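A single chain, nothing else alongside it, follows as structure tokens in the form predicted alone.
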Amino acid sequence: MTASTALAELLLTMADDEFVAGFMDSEWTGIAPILEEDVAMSSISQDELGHAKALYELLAEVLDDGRDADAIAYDREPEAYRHARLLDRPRGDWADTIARRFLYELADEARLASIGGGYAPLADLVAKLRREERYHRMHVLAWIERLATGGPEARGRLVAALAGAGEAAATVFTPLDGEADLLRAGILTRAFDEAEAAWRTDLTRVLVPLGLDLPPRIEHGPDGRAGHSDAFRWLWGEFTSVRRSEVGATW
């Protein structure tokens, strides 16, 4: 595999993660537990979709196959999306969303910290993304603590949500076929298993003081970014509906 092909796969997985996370969280607009969270989750969702758009634009330049960011984002069948299985779950209740976002935000942070300067457009974009993502981290950590210390029902829902998402939590770090090429090119500064170890250290600092369990370690298989659920197929139908009904529509 060439470095260019490996870079395209990296960009696609990063973009699909942000795209699906953003659309799923946008489903809380208007129904979040409190008004402030309607605003907060809408803002976070917009950020994630903006990040996805920027990554898809880089991918369109790397692929140079005539497709633009819109075509890559919207014109694929559900099976072609490469988001992590962690993000393939139903929206669930508020605790489910906070647990999923917590696990993903910290994983994405570890992944972004692993991007080197081997491809300058991505390195420049990542510097911007990391500045914005720190506010997402602050938001979700506040909610983790709030739910963990908010009484038996709130804590019980959070514990169940973390357990439910735990088996798929590390799928953000599913190895890419061209990972060695990305390391040689300096596009990655560390392997995904090292990024996963850093993520687990980060999780430990947050969860252990709250008496919460870490997600289990898993043996990464080929299904970490494949075999999507009915929940995603429904979401796909929602976010592609305008594109499919209005030829040439853009976001």
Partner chain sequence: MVTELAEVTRDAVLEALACVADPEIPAVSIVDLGMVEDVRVDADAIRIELLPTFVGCPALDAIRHSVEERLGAFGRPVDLEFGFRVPWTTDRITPPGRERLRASGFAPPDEATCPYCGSADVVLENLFGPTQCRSLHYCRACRQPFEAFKPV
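All values reported here derive from a predicted model rather than from experimental measurement. Residue numbers count along the first chain shown, from 1.
Absent from the display: the form predicted in complex with the partner chain. The rest refers to it.
Asker: Only one of Val39, Leu63, Ile31, Ala197 gets a heavy atom within 4.5 Å of the partner chain in the predicted bound form. Which one?
Answerer: None of the other options qualify; the answer is Val39.
Asker: The partner chain isn't shown here, but in the predicted bound form which of Asp93, Asp124, Glu79, Asp177 has a heavy atom within 4.5 Å of it?
Answerer: Comparing distances to the partner chain in the predicted bound form, the residue within 4.5 Å is Asp124.
Asker: Is His51 near the partner chain? Define near as a heavy atom within 4.5 Å, in the predicted bound form.
Answerer: Residue-level check for His51: yes, a contact with the partner chain.
Asker: Report whether the minimum heavy atom distance between Glu132 and the partner chain in the predicted bound form is within 4.5 Å.
Answerer: Glu132: yes, in contact with the partner chain in the predicted bound form.
Asker: Is there any non-hydrogen atom of Ser43 lying within 4.5 Å of the partner chain in the predicted bound form?
Answerer: Contact with the partner chain, yes.
Asker: So, in the predicted bound form, is Asp70 in contact with the partner chain at a 4.5 angstroms heavy atom limit?
Answerer: Close contact is absent here: in the predicted bound form, Asp70 is far from the partner chain, nothing within 4.5 Å, heavy atoms only.
Asker: Would you mind picking out the stretch of 199-207, 217-225, 31-39, 181-189 that comes within 4.5 angstroms of the partner chain in the predicted bound form, counting non-hydrogen atoms?
Answerer: Careful reading of the contacts points to 31-39.
Asker: Sequence order please: the residues of 133-161 with a heavy atom within 4.5 Å of the partner chain in the predicted bound form.
Answerer: Arg134, Tyr135, His136, Met138, His139 sit within 4.5 Å of the partner.
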